[in-house]
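In structure tokens, one chain follows: the form predicted on its own.
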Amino acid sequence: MASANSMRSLMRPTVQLSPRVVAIPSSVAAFSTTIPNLEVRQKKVQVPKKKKVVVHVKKPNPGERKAFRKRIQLSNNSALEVQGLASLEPDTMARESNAGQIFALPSDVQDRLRVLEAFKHSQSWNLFRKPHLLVRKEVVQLASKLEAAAQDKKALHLVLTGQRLAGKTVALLQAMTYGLMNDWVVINIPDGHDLTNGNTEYSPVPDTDPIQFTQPVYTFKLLNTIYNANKAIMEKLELQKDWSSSTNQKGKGTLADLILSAKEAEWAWPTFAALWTELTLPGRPPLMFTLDGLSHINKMSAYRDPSFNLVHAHELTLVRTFVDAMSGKTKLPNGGAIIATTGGNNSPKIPSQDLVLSQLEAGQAGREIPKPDPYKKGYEDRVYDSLKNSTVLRMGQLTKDDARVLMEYWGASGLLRARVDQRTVWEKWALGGNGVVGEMERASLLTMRM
């Protein structure tokens, strides 16, 4: 019995348990201390936005922005007209008595200089009523050399050098002014960088070793510039040779007819070569060939030959023409001048050019001739040979007397409100790097630029 009872105690109890209580969600909110939000949400009404009125503006044509940025303005009606200044005459700049004086630039010469692109957009011509030029002692020396070259029928090979903003480009403009007023034929390359930066078309010249390249579009533009700047002279000079085999000029005619015969760019270089030959024949007027930015044509250009090797700038036909004239290889039997400037803004360093110019300048001054650095590379014989027969003219700093004359002209034009006395002149002269004309202009007229 005991075992039966013990086994019965291990069995599941027979008494049923109460069912588990399950929570049923109620619709009544639970207790909370938060104030209920009784506001009824309203639907947002979307108000249509007003469409912006698009004003259609005509887009500028290709090259229009660049033309506006580099425009040349030679007059300003808001500036005062300076009274009592004489105009330039053909022999004004060659007289030593005119050094340190300001002269007005004649209107007809202004138009021809504009065609030659002698004015630069970075210069401050737009601040004055009309262009005037200060005849410095260096300009008198330059004009005297030009006058002697025309009288002796010899070629002047000149390099204008100096520090940045020293007035080299303006001196080159004054040289062109002298040539135009004395019935010279003036040819100008405004910037040597345009010939070597690879931005203009080029094509090889057949049967040349080493291979040379022409720049048809640039040469075509240069021909038109030569014609427009020297039209009166070109229409008087008759052709002395027959160029019907190489150009479109058939039979006799004038140099103007020869230039106008090049209707397309592909005929530009043969026509320019014929024109250059005609201008270097005896019995022609003196010839002036100028270039701004000498350093750019004495280095490797951005062009490539058929083997994809860089082309030296001297292998470009236009540059070769200038270099041969500068070195004396091309003779000028009628006299003339080959003038170049060493730009100071974006000019690369050319060791051979720096060496030969320093040697020439030291020889002219009677100093010891500098020697090439034996540990320096980059010397080129052809660059040295192209400049070794030249004359160097350094554009120095203004004297205090010249600075006073220039500042009095600025004051008479209404650009200086302060009294121009000795203290003001010396102050601007010192702030301008002891007479650097470009720095003086910055110190005095910088706030007047628009």
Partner chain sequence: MASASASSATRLCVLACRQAPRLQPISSRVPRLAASPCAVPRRPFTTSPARWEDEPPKKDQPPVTEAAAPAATEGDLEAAAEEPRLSKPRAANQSKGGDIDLQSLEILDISAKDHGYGSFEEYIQGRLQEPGQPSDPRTQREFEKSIADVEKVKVVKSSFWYDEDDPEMDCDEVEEFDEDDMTEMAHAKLEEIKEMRHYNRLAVWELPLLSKLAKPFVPPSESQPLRWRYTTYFGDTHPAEKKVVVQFAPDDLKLTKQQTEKLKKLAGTRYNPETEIVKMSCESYEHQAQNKRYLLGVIDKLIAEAKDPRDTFEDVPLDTRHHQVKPKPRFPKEWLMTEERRKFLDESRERLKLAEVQRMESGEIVDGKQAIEGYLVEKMREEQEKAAQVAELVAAQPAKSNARSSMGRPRRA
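Numbering follows the first chain given and starts at 1. Remember, predicted model here, so these are calculated numbers, not experimental data.
We do not show the form predicted in complex with its partner chain, though everything after this point is about it.
For the interface check, one of 189-197, 112-120, 370-378, 223-231 should have non-hydrogen atoms within 4.5 Å of its partner chain in the predicted bound form; which one? Partner-contacting stretch among the options: 370-378.
Report yes if all three of 164, 436 and 443 come within 4.5 Å of its partner chain in the predicted bound form by some heavy atom, otherwise no. Result no, not one residue of the spot touches its partner chain.
Could you confirm whether residue 154 comes within 4.5 Å of its partner chain in the predicted bound form, counting heavy atoms only? No, residue 154 stays farther than 4.5 Å from its partner chain in the predicted bound form.
Would residue 64 count as touching its partner chain in the predicted bound form under a 4.5 Å heavy atom rule? Taking the distances in the predicted bound form, the answer for residue 64 is no, it never comes within 4.5 Å of its partner chain.
Would you please decide whether residue 80 lies within 4.5 angstroms of its partner chain in the predicted bound form, comparing each non-hydrogen atom pair? Taking the distances in the predicted bound form, the answer for residue 80 is yes, it comes within 4.5 Å of its partner chain.
I'd like to know if residue 396 sits close to its partner chain in the predicted bound form, meaning any non-hydrogen atom pair within 4.5 angstroms. Result no; residue 396 lies far from its partner chain in the predicted bound form.
Identify which of 419, 382, 388, 70 has a heavy atom within 4.5 Å of its partner chain in the predicted bound form; exactly one of them does. Exactly one listed residue reaches within 4.5 Å, namely 419.
Going by its partner chain in the predicted bound form, which residues of 106-145 come within 4.5 Å of it through any heavy atom? Just 129.
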